[in-house]
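Only one chain is included here, represented as structure tokens and corresponding to the form predicted alone.
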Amino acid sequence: MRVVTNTAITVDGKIGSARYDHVAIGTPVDRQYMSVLRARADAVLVGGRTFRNWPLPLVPDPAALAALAASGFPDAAHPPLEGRSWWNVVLTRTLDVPKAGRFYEDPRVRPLFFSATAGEVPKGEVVVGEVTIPGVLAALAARGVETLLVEGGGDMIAQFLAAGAVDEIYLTICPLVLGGRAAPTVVDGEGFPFDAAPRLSLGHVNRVGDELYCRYVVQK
């Protein structure tokens, strides 16, 4: 399975403020490009905190795709959307998640929750047990997922990197500095020793206005 991550970050590597409030760091172009990466995936995954902050369908927006293509963005190609649905995957220890809203109402969404705690959700599946990255990947592969897009947060991306599961990292570098010792970053968790830190090679970089769109390939 191919695993990619996508995150908009500030110049100092933050994905939110020290208050952990949800903020839109990127421009509308960044959000349009997010739809491209979703369209290329079979499943989109987030952690429980990210889902609680933003419990919306993790699916491509056709209007955003059309706008990006019309703008001449150099990496706007994507597969057709007609008749498709997307696994929307949430990893949560407690299943303490919103139980209503557009996430459950969108017919393109196939909700799938992995939780250490049993419970019920209005729509979709709940896989109960120890939540591990290899276990999640095996369960997704059994459901036909070939490309998984991990959208956050920083702890979740750290877990996938630590498991050696990430193939590509997409970063939108935005002209903003948030600072803050406690502010979340694109990769949180316990960190990596220098000698064992994941190494990357730059696949491509595109500039749109003051934003940089980077694709990195993780060296295996």
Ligand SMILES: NC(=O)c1ccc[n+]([C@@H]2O[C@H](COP(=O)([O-])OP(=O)(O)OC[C@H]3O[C@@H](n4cnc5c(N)ncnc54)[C@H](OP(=O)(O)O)[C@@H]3O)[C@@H](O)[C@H]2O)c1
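Note that residue numbering follows the sequence shown and begins at 1. Model, not experiment: these values are computed from the prediction.
Unshown form predicted in complex with the ligand; subsequent notes refer to it.
When you look in the predicted complex, the only residue of Asp61, Glu168, Asp42, Asp155 with a non-hydrogen atom within 4.5 Å of the ligand is Asp155. Just one of Leu81, Ala139, Val131, Ala76 comes within 4.5 Å of the ligand in the predicted complex, counting any heavy atom, and that one is Val131. Among heavy atoms of Ala8, some come within 4.5 Å of the ligand in the predicted complex. Residue contact check for Leu91: one or more of its heavy atoms lie within 4.5 Å of the ligand in the predicted complex. Although the partner is absent here, Gln32 sits far enough away that none of its heavy atoms falls within 4.5 Å of the ligand in the predicted complex. Using a 4.5 angstroms limit between non-hydrogen atoms, Gly47 touches the ligand in the predicted complex. The candidate spot formed by Pro57, Tyr104 and Val109 lies out of contact with the ligand in the predicted complex, as no residue has a heavy atom within 4.5 Å of it. Residues with any non-hydrogen atom within 4.5 angstroms of the ligand in the predicted complex fall in just one of 67 to 75, 118 to 126, 145 to 153, 81 to 89: 145 to 153.
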